[in-house]
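In structure tokens, one chain follows: the form predicted alone.
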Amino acid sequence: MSLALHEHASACAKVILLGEHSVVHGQPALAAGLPEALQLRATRLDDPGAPLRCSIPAWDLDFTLAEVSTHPVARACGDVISHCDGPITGWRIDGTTAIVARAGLGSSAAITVALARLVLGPAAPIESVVEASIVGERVFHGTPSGIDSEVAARGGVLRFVRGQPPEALTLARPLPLVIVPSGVERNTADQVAKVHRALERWPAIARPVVETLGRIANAGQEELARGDFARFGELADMAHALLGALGVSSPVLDRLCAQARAHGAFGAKLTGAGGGGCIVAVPSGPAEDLAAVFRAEGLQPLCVEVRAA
């Protein structure tokens, strides 16, 4: 067991650009890492035998590893640290982030990836970091796909197809995004079930919709390689409409997307499970100008620029 943690580590959050839900059914998806979304710093405690404490105020997290029986985040963190042979006493970990938790942005993968790096160090192989992250992700998600952990560890834009290793994509230029949390909680299992029901009840209709979402992801990959964000935004609009047809959008998500378009976005769509959570918009001008529209409503938009890994 290592008796020390590294001083600092970070991880990306994630946003699904195209392909949510359809990726479950064998179609491609594109996911982007939101760079250095979570920062962790480790300091030694005066008492080397005191349980390791972790505090991330933005996510209302403050726990010790002595609470693993009652606190799922503590249990996940403890599993990651133990998997990496790290210390479970004598340290304090403090985190800072601008990412909203429980909004489909991969907050659990971000914390497990950053923790793994605190133990393993900045030079640790990506594969080792992802493996450790997935150990913790099992506490939250049972059988995680691994997409969130891969994006949190690698960043950039990744293409995923179920059963295949992720592929890092080339971007002609950095991709600006404005991510807007709706403030409405989403239930991933419920939204996934809606798509399954549509496929069972209306296979001749729903299956082509799912396949078209996959074709949109392929076309989006081409536009990112060209750097044509206007055309990419058009594809985002199409994807949102089709996800709505499958029943996973909501009035609040539709309204936010329409508002983004009305204020000059190239396109906007729900991201992740849908029903609640966030939208992602591709601004045509300064991202901060578009974000200001949503801040005026009391929302907490996030402006990011995604670069190739």
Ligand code: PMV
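Since the model is a prediction, treat every value here as computed from it, not as a measurement. Start at 1 with the first residue shown and count on from there.
There is also a form predicted in complex with this ligand; it is not shown, and the following applies to it.
The stretch among 117 to 125, 185 to 193, 73 to 81, 90 to 98 whose residues place heavy atoms within 4.5 Å of this ligand in the model of the complex is 185 to 193. In the model of the complex, this ligand lies farther than 4.5 Å from every heavy atom of A42. Looking at V23, you'd find a heavy atom of it within 4.5 angstroms of this ligand in the model of the complex. Interface membership of I147, defined by any non-hydrogen atom within 4.5 Å of this ligand in the model of the complex, is confirmed. This ligand is not drawn, but in the model of the complex it has no heavy atom within 4.5 Å of A13.
This chain appears without its partner; in the model of the complex, the one residue of L61, L65, L246, A273 with a heavy atom within 4.5 Å of this ligand is A273. H141 is the sole member of R207, R226, H141, R215 with a non-hydrogen atom lying within 4.5 angstroms of this ligand in the model of the complex. Residue G104 is the sole member of 67 to 104 found to place a heavy atom within 4.5 Å of this ligand in the model of the complex.
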